[in-house]
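Quick heads-up: it's one chain on its own, the form predicted alone, in structure tokens.
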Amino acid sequence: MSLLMLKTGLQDTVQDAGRWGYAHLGIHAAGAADPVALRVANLLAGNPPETAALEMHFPAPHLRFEQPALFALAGADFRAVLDGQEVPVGAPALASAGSTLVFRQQARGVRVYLGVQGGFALEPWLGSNSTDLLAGVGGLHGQALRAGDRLPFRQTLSETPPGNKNFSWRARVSDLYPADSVFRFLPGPEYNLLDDASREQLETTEWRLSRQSNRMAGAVEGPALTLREHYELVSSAVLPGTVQLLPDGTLLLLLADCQTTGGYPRVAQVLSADLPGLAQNRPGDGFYFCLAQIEEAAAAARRQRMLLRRLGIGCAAALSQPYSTPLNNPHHDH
């Protein structure tokens, strides 16, 4: 009982909420680049929100369900099709044994997550199933999935109705992401070293992620920023969302696979509540930075957690209904 990789995608890895607590040993957290989408996919599939799921980019893989499964997609919309039937993002679906899932088009976003009810039966490393591609640990053999790989399921469905089926309700996730491509940040430890013009440019420029971006970091395209004076920085702690200023004045946005320390000035720290939105920005998409206060950052994180808890309650109630009966839409779209 497993998910079989028929055809490899651009980069398909198993990711969960991350391997936290080891930065002092130089071990970065890894984990889902979009932790909101990870949690949504799991809640829709009836799992604890931090369960390991499959993170996919476009071109995405071709997958076969070797056993019946309840699954859900969240995050990017790659126009998923299961045996010729469209599968919407943000809604559970049932796959029959032998059915094939393919992705036709990158309609929106960068990363889509597939969660299956019960999760995948994999051995954790340091308490996490997240794939660390640099260290070659976690996930399935510590590497991106290849054709012929199988992700075993932890459980089988208690009910296995014939045929594939989309559930009749979906999750509304727009409130979980920043609106209008504006991403809030707190001043980084070296923010005050920027000259006045650069601080203004940081908030008024329409920035873009370059194509030289990956799970480790995104190069940010825009005007060169400058410091008030030359500054030598001893390597200091960084984490996902840290914005570093490189010697040529360009910005580097650190993402899920970033190192634990860095030697470039840390001019900004993107709010944890907003970082999932940046992780779904396609290269070339414009966005803005907006200075926030610490109270706003805390409130945004609390609100996001509250919305995810509400979504979990709604999903649990809807999933408790028999698969054979049409599902009502609890609280509209969740």
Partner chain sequence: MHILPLAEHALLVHWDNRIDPLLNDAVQALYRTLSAADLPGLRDLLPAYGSLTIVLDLDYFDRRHPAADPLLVARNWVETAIKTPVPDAMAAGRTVEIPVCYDSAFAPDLEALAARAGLTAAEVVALHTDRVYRVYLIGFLPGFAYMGAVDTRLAAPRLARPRGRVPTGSVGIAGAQTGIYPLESPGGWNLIGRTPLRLFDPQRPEPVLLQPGDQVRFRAISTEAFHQIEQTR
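Keep in mind that this is a model prediction, so the values were computed, not measured. Positions refer to the first chain, counted from 1.
Not pictured, yet referred to below: the form predicted in complex with its partner chain.
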Taking its partner chain as it sits in the model of the complex, is Ser236 in contact with it (heavy atom to heavy atom, 4.5 Å or less)? yes
Going by a heavy atom distance of 4.5 Å, is Thr205 a contact of its partner chain in the model of the complex? no
Using a 4.5 angstroms cut-off on non-hydrogen atoms, would His57 count as touching its partner chain in the model of the complex? no
Contact of Asp285 with its partner chain in the model of the complex (heavy atom, 4.5 Å): no
Could you check which residue among Leu271, Val36, Val267, Leu70 gets a heavy atom within 4.5 Å of its partner chain in the model of the complex? Leu271
Within 4.5 angstroms, counting heavy atoms, which one of the listed stretches 196 to 204, 123 to 131, 173 to 181, 143 to 151 is next to its partner chain in the model of the complex? 123 to 131
Sequence-ordered residues of 10 to 28 touching its partner chain in the model of the complex, heavy atom within 4.5 Å: Trp20, Gly21, Tyr22, Ala23, His24, Leu25, Gly26, Ile27
